[in-house]
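Here's a solo chain for you in structure tokens, the form predicted alone.
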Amino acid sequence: MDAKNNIKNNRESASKDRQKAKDVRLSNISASKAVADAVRTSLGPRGLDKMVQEEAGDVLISNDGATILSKMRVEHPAAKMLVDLSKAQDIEAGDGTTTVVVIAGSLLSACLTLLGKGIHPSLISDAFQYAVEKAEEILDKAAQPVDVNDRTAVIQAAATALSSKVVSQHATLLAPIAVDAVTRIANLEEPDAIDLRNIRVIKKLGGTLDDTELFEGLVLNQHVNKSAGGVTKVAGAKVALIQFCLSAPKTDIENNIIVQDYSAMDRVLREERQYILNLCKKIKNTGCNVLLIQKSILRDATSDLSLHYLAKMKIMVVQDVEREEIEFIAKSLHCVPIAGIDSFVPEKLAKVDLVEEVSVGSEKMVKMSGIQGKHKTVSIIARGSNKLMLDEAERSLHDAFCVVRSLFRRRFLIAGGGAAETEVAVGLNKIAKTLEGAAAFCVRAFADALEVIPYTLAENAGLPSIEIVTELRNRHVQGDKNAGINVKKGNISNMVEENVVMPLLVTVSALRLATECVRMILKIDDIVMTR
């Protein structure tokens, strides 16, 4: 009797465990799908924008998936995985941050159907891994090699990335700027070493985005100090970047100097004046005529006296250079930051043809042109009518930089407009027919899930999605691998002829990362809380 009771209890316990695992998976999948649905309407060139209000009251308008998700307050642990997924795509490819989340949401919906048919999660996971490997092979066959020296082809890829942004109407201007910027800092022999931190975007209110320009040289947000009548334009400049103060030294906080009579006070002032004059003379003797001074926290970086002496010596002074800017400026000017007056030598100066202060709208900035040596950095001056537009322009330019970098790393282009996903879906459906058992079901479900991209593109453009996707699938079955949804004309067109192309790396990365995330969520059968 006891043995029967034990068997019954074991069965009930196993049943409860299975039910708990089902409930956990359902909870994880539902939470993740909710995140995917939140950004799905912002996919594509006709996608809608999201307005995000931050705690401090600042407002952000964007349709970039990574930006929107990073601002969302997500509590569910599985849903946070989709936020991290979008960040991973942003780091890997820079574009496709919305696409990767939408694909992951669609794959999770397919998982629910497969789990409902009684297929084990491990079998689904293995089949999805097989499917994504085959998908990469299909994409490699559909992709077209591109010469990165062909500026027109690279601009087309950058313009496609910008077409889905808030600033899409300015894509024809921003795309060439993005391509030229990355090309100038790139080393074709080491495409993986392209560091986008060498591109600096200076945002200035006033004008429109049409006034945005790529500047040959260095641009500083700071203005020239003219309080003592200093110069604002220097030709044949020798620039020094210093990290020490041109002011009288101060005592420690705990120490005090007590001055008892006027003669002692006069001596202190005289010594301060002599100390500062000696500093300025040493700087002048090196031939320096432009001084960039790092911002100081402990004491004033300059004094009225030092500014007066420097103005008399015709040395331009630019103050308040932030610590974070030092590395970029040093790399741009091919110079070394100078930490003390003892190491101030002519060899550490940068040679620049022209340094001048210019007015941009209601603000001023310093431009340095004709820097001697190979360009290691690039400056872009972005103009806009309001802060929201400037912020979105900066994010859009970053995405365009990443697309160009992806093209340098993997030199293949693939058709956009849902063409790549549909080509993979058609190819995987053919492969599924050669498989048997649960694997065939899973690969077919993976293929069908990828059609969420063309469906969403059609829906967001206000087109009849079922008719459009059916025709698109039919064109791909007939062998037209570049057929995609032309949202401007509202029909199916050859995307390569329409110049709607994107780097192969973006699509491959999106599929690989989305599949990896879905497999991870699928294999979770319990959530353990810790204190």
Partner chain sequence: MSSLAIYGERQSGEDVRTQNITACIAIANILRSSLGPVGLDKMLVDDMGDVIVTNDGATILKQLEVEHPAAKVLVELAQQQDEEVGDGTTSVVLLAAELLKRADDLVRRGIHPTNIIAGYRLAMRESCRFLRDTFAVSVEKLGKSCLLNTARTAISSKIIGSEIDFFANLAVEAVLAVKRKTEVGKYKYPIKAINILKKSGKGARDSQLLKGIGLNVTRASQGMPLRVSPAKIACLDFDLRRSKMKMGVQVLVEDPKELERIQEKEYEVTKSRIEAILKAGANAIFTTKGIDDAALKYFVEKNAIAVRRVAKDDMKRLAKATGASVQLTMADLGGEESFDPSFLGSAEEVVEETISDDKFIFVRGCKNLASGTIVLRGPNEYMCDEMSRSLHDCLCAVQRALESNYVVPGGGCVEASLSIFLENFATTLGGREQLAIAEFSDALLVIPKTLAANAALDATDMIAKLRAVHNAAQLDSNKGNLSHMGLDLENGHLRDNLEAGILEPAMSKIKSIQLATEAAITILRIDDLIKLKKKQEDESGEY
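Quick caveat: nothing in here was measured; it's all calculated off a predicted structure. Numbering follows the first chain given and starts at 1.
Below, we turn to the form predicted together with its partner chain, even though it does not appear here.
- Its partner chain is not shown here, and in the predicted bound form it never comes within 4.5 Å of any heavy atom of E92.
- Put simply, V234 is far from its partner chain in the predicted bound form: not one heavy atom of it is within 4.5 Å.
- With a 4.5 Å cutoff on heavy atoms, V166 counts as touching its partner chain in the predicted bound form.
- Its partner chain in the predicted bound form comes within 4.5 Å of a heavy atom belonging to E459.
- In summary, the region of this chain contacting its partner chain in the predicted bound form, judged by heavy atoms within 4.5 Å and restricted to 428 to 436, 178 to 186, 303 to 311, 413 to 421, corresponds to 303 to 311.
- Think of it this way: in the predicted bound form, its partner chain has a heavy atom of just one of K331, K117, K87, R273 within 4.5 Å, and the residue is R273.
- Residue in contact with its partner chain in the predicted bound form (any heavy atom within 4.5 Å), chosen from E347, D261, E190, E324: D261.
- Along 38 to 61, these residues reach a heavy atom to within 4.5 Å of its partner chain in the predicted bound form: A38, T41, R46, G47, L48, D49, K50, M51, V52, Q53, E54, E55, G57, V59, I61.
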